[in-house]
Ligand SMILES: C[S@@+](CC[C@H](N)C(=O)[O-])C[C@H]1O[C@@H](n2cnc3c(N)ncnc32)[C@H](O)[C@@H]1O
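Encoded as structure tokens, the following chain is the form predicted alone, with no partner shown.
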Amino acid sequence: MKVFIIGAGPGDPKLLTLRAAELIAACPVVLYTGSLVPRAAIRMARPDAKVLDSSGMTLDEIIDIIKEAHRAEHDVARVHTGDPLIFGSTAEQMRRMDELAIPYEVIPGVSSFTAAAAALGKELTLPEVSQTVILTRAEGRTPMPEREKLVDLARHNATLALFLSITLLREVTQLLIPEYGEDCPVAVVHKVSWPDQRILTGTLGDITARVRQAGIKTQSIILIGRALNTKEFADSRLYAPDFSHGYRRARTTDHAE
């Protein structure tokens, strides 16, 4: 028996990995986060599978189901949204399973921040503009470690991907404007890859009003940084003719006559 902690991706069932789909179809117990994972993503569960929505459960109740499956020697597909190891609340489940000697395996998934960048058609790491992406969140009911305050991270001027922060957008923009500038581009992608996906773009100066007018309050990834709208950036050295790497030698031009 094993518990498979599965990343279901951002929503579109076609963004499930082959391994994730295979396990959801095979496991006799499917325990999924129904508040974020659409039912369509687990539709391939076998007809006799015990399919349970954990959105209304406590951690103890989730672990009780896993213990019951373990006693019955039934594999469990524990299905989370996005990638289960990024703001997935999976660490506490793994800690409990370690204590109970219940084996588990993590199946990575497509994260909402990469899906959002794909929906925008934007590379987040442009040469000489931004070579760093910071994945973080605004401080709300869950406190941030002292050295990870948003105002401190902003000093890097890296591309920011903010999870779980849409209701704190006004506070976020106020903290970031001094470092990024009021004209810094921002994109809010709501329910990325879902049929009702919405994309709002603007700047740190106006995005709060745009989001408020659109009535968006949940399930949104926020991307911030100059990489979102910069047209003038250096080409990557990877494909430059004078650049050598393990698969190609640099090409030199012979000007001799």
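In this text, residue numbers run from 1 along the sequence as written. Quantities reported herein were computed from a predicted structural model and do not represent experimental measurements.
The next section is about a form of this same protein that is not shown, the form predicted in complex with the named molecule.
Distance criterion of 4.5 Å from any heavy atom to the named molecule in the predicted complex singles out S111 from the list S111, T173, Q93, S130. Scanning K50, K191, R210, K67 against the named molecule in the predicted complex with a 4.5 Å heavy atom cut-off leaves one residue, K191. In the predicted complex, the named molecule stays beyond 4.5 Å of every heavy atom belonging to I134.
Put simply, F163 is close to the named molecule in the predicted complex: some heavy atom of it is within 4.5 Å. Under a 4.5 angstroms non-hydrogen atom cutoff, the named molecule in the predicted complex lacks T230 among its neighbouring residues. The named molecule in the predicted complex comes within 4.5 Å of a heavy atom belonging to T81. Note on the interface: of 191-199, 41-49, 24-32, 56-64, the segment with non-hydrogen atoms within 4.5 angstroms of the named molecule in the predicted complex is 191-199. Annotation for 197-231: interface residues with the named molecule in the predicted complex are Q219, S220, I221 [heavy atom within 4.5 Å].
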